[in-house]
Structures are given as C-alpha cells and as structure tokens.
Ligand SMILES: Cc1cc2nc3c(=O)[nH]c(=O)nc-3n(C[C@H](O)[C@H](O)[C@H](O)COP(=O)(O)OP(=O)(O)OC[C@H]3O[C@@H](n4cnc5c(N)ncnc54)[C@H](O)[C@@H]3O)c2cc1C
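Only one chain is included here, represented as structure tokens and corresponding to the form predicted alone.
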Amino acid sequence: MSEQSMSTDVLVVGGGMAGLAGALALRENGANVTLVERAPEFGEVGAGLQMAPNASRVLKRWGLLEKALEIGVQPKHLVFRDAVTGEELTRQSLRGEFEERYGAPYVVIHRSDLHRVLLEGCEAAGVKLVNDVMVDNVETLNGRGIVHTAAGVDYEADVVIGADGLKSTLRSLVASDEPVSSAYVAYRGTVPITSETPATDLEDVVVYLGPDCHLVQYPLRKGELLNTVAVFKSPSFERGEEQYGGVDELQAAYKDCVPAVQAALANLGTSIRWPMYDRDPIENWVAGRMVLLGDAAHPMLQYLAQGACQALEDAAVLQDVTAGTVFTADGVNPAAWDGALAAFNSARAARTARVQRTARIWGESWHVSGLGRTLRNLLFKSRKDNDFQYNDWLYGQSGEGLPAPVAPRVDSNAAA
C-alpha cells in the first residue's frame, strides 16, 4: 500500500451500467462500497436500449422499475420486416401474456436515462462515488485486493469488481485476448416525434432486415423521441478504419431498401459512428480478489439487445451469492469471498457465453442474402405470435442461474 490509501469492503472500477449495478447490488447486501470512474463526470453516451424482462426484473427487485417506466416506453410489439420488400415477417406481442409469463415488462429507454436511474439508486443507497480515478493495476495481497491508480492513491478492498467495459484494463489479469471486430458499424440518432411520424412507430420496436444491413426504430421518453439505429457491413471498418470521412457507405448499404428505411436514414447523427466489437467467451473471470462484471467479462454484439441486460443479471447473481455467505445476519465474513466469487463465476460464465455466441449467429441471420434470405423469411413467417420457444431460455425466470431470489425491497418506488 502507498502512503495515500483508502480502505473499503468493495471497490468497483467503472461507472457505466455494469459498475453501478454491481455497486448497488452489494450495497443492498450491506457492503461498504466505493466506485471509481476514470471520467471527470458520470454519464452515458449513445441513444436507446431495449430492456427485456430479465433486466427489468432486476430493477423491480431494487425498487427502481417504476422510475424507469416513468421515463421509458413499454412497446406493444417487436416487429421484424424485410428491408427490401417491407413485408412483415413475424411479431411478438410484448404485453399481456408476455409480461405475465416473464414477470416484468419489456421497456425501451434512453441509455442516459437508465444510467441516471442506477446512479441515483447508488447515491440514495450510500455508495461512495469518486471521479477522475485511472486504475493501472490490481493485485491480491493477504486476502485483499489492492488497486493501484495513476495518481498514486491505492485502494484496499475485500474484493474488487472490474466493470471497465469492452476495452477493460483489468481483463488482462485473466485473459490475453483482444476485442473482435464484426466488420459492422452503427449510426444512431434520436429525433423529436411530430404529427408526421407514422403512428405505428410510436407503439412498436420495428426491425428491418436487409442484406448486410438492418435498421431499428422505436420511441423513447414517453413518445417524445424516435430512436433510429442503422447497422451495416463497412468496407472501411474491414480495412481497420473505425471512423470514416463520409456517409457514402451508409447510403450505399441501404440503396435497395424500401423508401421507409431510406427515409429513416435522415434521423441519424453522422458525425460519429459506432464500430461493433465483441470478444470470445472466457470461462474464468476471477483473479485473486478481483472479478470481472458486464462487458469487461462478456462483451457481446447487439443483436439480442442483451448487453446491459446481462450486466444487470450479473449484479443480481452477485447479490444472491454473497447474501448469507459474505454478508450474513452475524455480520461480514470476508473469508467467504473466494467461494462466493467462484459460485458467481460458475453461475454466469456459461449463461453469458451462450448469449454472446447466439448474438453472433442471430446477427448473421439478419444480414443474409439470396437463398439464405429466402429461407430466413420462410422460417420467420412460420412463427406465430406468442410462440415462446425462442424466448424462454433468454427471458425466463429460471434462465439466469440465480439461486433463491432476494425479495424485492419494499419502498415507495417499488413496482406493483
């Protein structure tokens, strides 16, 4: 330890969605939690995200679901269409039987709004939040995690949660891999909804599937904004260029799509594009008293809309495996951390690896052409609404590898 040092039960590295969720989960169990973030302020960039029931159940547990619903939107359907013909391929109703089956709603919400809900939850729970902290390394000494920072201030904790994202520094403690390029990039945009916006765009999540491209639209902020995401295979990204000086690739990717898709490109912000990466699954996330969480452990492509959802699942499982072991009615038992981390890793690694691999395959099926497109369309059209065989493994309440659930906190914000 350096002369300047701080001690805490739990030190979380990273103030994104995963870090805030992990911090809140362990604070709910009674831990003294400090979260450090490299940025000078907390915030989240991007546009909308889809929060499936496996994630909204976690917010419900923490008494935060109502806050998310106050600013988010509950779409009526998830609709898939062929981008070249406009033909509807299949749809899933997202209310009624769907919500009853999975015990929570499907919600679309701006990333910054969900981040704020989690941040305010951490603040209210008493998580210590510290900005402008660059973590260089973590080591385990005498059964404690020692976090070394660029400023020379060390943190000592019973356990360190590495939630520093896709390009995680702490992942190098358990793996020597690098992010994997998908060859696809995204442009995103949100625009105000006006009287000219098609009414169906205010009710549903709509996905247009095209050869080497797709486009997603759905409403945000109680129907005030329309969120649009265009994802396509980029020749310049395949050459190694993360950013690109023009929008000719964007226009070319959608040239054969229906007018509704081409018109939606005007909603996009084109000053920055988002290269799509993931990583290959790894079985071990633990190094001594450091464990990875969220994208640091299992970054995935966006096709299942599960990146933030799996981070929330991680936090819920970590909460469960430490309740009654590390955090007991008799107080804190730091010696139990090793077993708890092993149990967490065992419960989550196979589950998230399946989601990562399925997201890759799902994305490939969206972007096929020729005979592959014909067969995909036939398969999609053969599916009936409320056929749950493709959803249960992902959204079902037994799918997360959770031990006995922790009862939701009862307070004025708890969901009904």
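In case it trips you up, residue 1 is the first one in the sequence shown, and so on. A quick note: this is a predicted structure, and the numbers were derived from the prediction, not measured.
One more form of this protein exists, namely the form predicted in complex with this ligand; it is left out here, but the text below deals with it.
Using a 4.5 angstroms threshold between heavy atoms, D320 stays clear of this ligand in the predicted bound form. In the predicted bound form, at least one heavy atom of A163 sits within 4.5 Å of a heavy atom of this ligand. Contact between Q50 and this ligand in the predicted bound form is found at the 4.5 Å heavy atom cutoff. In the predicted bound form, this ligand sits within 4.5 Å of a heavy atom belonging to D295. Looking at 243-251, 91-99, 68-76, 164-172, the stretch with residues near this ligand in the predicted bound form, meaning non-hydrogen atoms within 4.5 angstroms, turns out to be 164-172.
Between this ligand and the residues L226, A305, C213, V117, the one pair within 4.5 Å by heavy atoms in the predicted bound form involves A305. Among V207, I193, V84, V133, the residue placing a heavy atom within 4.5 Å of this ligand in the predicted bound form is V133. Contact residues in stretch 24-51 (any heavy atom within 4.5 Å of this ligand, taken in the predicted bound form) are V36, E37, R38, E44, L49, Q50.
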